[in-house]
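First, one chain by itself in structure tokens, the form predicted alone.
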Amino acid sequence: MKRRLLIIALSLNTLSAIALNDSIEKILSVGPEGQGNIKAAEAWKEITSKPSQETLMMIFEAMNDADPIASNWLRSAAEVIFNSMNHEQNGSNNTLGEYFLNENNPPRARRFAFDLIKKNDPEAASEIVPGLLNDPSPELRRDAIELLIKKGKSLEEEGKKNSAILVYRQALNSAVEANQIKPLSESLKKLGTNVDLPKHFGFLMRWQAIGPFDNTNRAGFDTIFPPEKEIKLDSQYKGKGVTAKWQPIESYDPFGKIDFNKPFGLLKESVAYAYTEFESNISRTAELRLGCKNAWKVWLNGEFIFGRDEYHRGQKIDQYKMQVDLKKGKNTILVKACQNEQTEEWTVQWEFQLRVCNQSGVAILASNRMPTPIQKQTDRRPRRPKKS
């Protein structure tokens, strides 16, 4: 009899999990403009009607695959369940606390777990924040860094310049997000301490560039030009109206932008390549993080990694993240960037920025990294491109 009851209990748990999975799938399937909202609302009611630790954890796991719309539904359900559980269990944060403390869990979900804990127990959360300064999750570092920024400002106001510098430097050493690094570097500069932002981020500042090649009718993105077949820096090829040959190009931009307009001019319907070598002391997993508003492709050690055939959709730091395996010794990186036919002023940029870091955004510096280039003079370029 006991064995039979155990089997029935296990079967009921399995059926319950299947039903819960079905409800979560309905929420994950919700689309734009209200598509699937009715089914999602029914699923949301079903999920929140049976609050439990298991349900809460399944929701957190589902967040990893959710788009922004579905994520909002899941976050709302998780918050309702969490509040219900805390009401019944006298405010216990144990379930989410265990999840949050496990650094192997996804960063966004850990951040949301911490936000719920903070809402329920602000005092406990405030005690936790300073210990998050070097957390693997940038989302969780943010509060600890902000705490140091406030401390630094307070020391500045008290006239304690050297102490403020130390606090700002400590914050900067852990910061990986531009919206915190920029004000920190500005505060340090104001106090007489310059920050090497390209080195801090791990931007690659020195490349060899070649071009232009043809991108008429946007056909250049899929066209295999010579640099995709071989890298011979002393070779020359037939380019678009010119002989294409490799030439050095370096960035003076604090965020590592490599500007193809500098060596090739303000061309349109053109393709260019940039090549560099990255020496790694060990074999390791890393991320290539690229920002580019042109169509682009990236190769590592001759193998195609990823690309986007889109133009002028905006550019920002860490816009695209590509997980790669660096080998010990020399690693080759090739970037292809295409300009289209548009001539509006906002289409002038023909550039990219690329950095190497770990999954938390902390820079990985090459063993062959040279000092960050220093610009001796500023060259202004025309504001409107010409069609080549």
Partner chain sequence: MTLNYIAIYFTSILTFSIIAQAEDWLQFRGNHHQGLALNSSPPTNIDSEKHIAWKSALPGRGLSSPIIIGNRVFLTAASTADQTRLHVISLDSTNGKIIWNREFWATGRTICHDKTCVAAPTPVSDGTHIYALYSSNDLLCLDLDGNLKWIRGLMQDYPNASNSLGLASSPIIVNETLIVQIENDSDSFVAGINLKDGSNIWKFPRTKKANWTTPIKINQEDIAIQGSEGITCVRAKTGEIQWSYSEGASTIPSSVTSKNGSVVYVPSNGMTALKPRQDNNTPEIIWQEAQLRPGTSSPIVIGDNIYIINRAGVLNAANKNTGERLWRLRLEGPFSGSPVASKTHMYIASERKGLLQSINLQGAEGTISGTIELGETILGTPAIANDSIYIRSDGHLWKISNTK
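Positions refer to the first chain, counted from 1. The term rigid core refers to the most C-alpha atoms you can superpose between the two forms while keeping them within 1.5 Å. What you see is a predicted model, and the numbers here were worked out from it, not measured in a lab.
Here the subject shifts to the form predicted together with its partner chain, a form of this protein not shown in this document.
Student: Choose from 164-172, 188-196, 313-321, 251-259 the stretch whose residues reach within 4.5 Å of its partner chain in the model of the complex, heavy atoms counted.
Tutor: The contacting stretch is 313-321.
Student: Does each of 72, 115 and 306 have at least one heavy atom within 4.5 Å of its partner chain in the model of the complex?
Tutor: Answer is yes for this spot.
Student: Just one of 121, 139, 228, 279 has a heavy atom within 4.5 Å of its partner chain in the model of the complex. Which one?
Tutor: Selected residue: 139.
Student: May I ask you to choose, among 80, 155, 178, 125, the residue with a heavy atom within 4.5 Å of its partner chain in the model of the complex?
Tutor: The residue from 80, 155, 178, 125 that makes the contact is 80.
Student: How about residue 109: is it within 4.5 Å of its partner chain in the model of the complex, going by heavy atoms?
Tutor: Contact check for residue 109: yes, within 4.5 Å of its partner chain in the model of the complex.
Student: Taking 4.5 angstroms as the cut-off for heavy atoms, does residue 105 touch its partner chain in the model of the complex?
Tutor: Heavy-atom contact with its partner chain at 4.5 Å: absent for residue 105.
Student: Might residue 208 be said to contact its partner chain in the model of the complex, defining contact as any heavy atom within 4.5 Å?
Tutor: Heavy-atom contact with its partner chain at 4.5 Å: absent for residue 208.
Student: Is there any non-hydrogen atom of residue 301 lying within 4.5 Å of its partner chain in the model of the complex?
Tutor: So residue 301 does not count as contacting its partner chain.
Student: Superposing on the rigid core, is the Cα displacement of residue 265 between the shown form and the other one 2 Å or more?
Tutor: Comparing the forms between the shown form and the other one, which are aligned on their rigid core, residue 265 does not shift its C-alpha by 2 Å or more.
Student: Please state whether residue 78 has a C-alpha shift of 2 Å or more between the shown form and the other one, with the rigid core used for the fit.
Tutor: Yes, the C-alpha position differs by at least 2 Å between the shown form and the other one.
Student: Please determine whether the C-alpha atom of residue 254 is displaced by 2 Å or more between the shown form and the other one following superposition on the rigid core.
Tutor: No, the C-alpha moves less than 2 Å.
Student: Relative to what is shown, are the Cα atoms of residue 68 and residue 321 closer or farther apart in the model of the complex, where the gap shifts by 3 Å or more?
Tutor: So the answer is closer.
Student: Which way does the C-alpha gap of residue 68 and residue 287 go in the model of the complex, closer or farther, given it changes by 3 angstroms or more?
Tutor: Compared with this form, residue 68 and residue 287 lie closer in the model of the complex.
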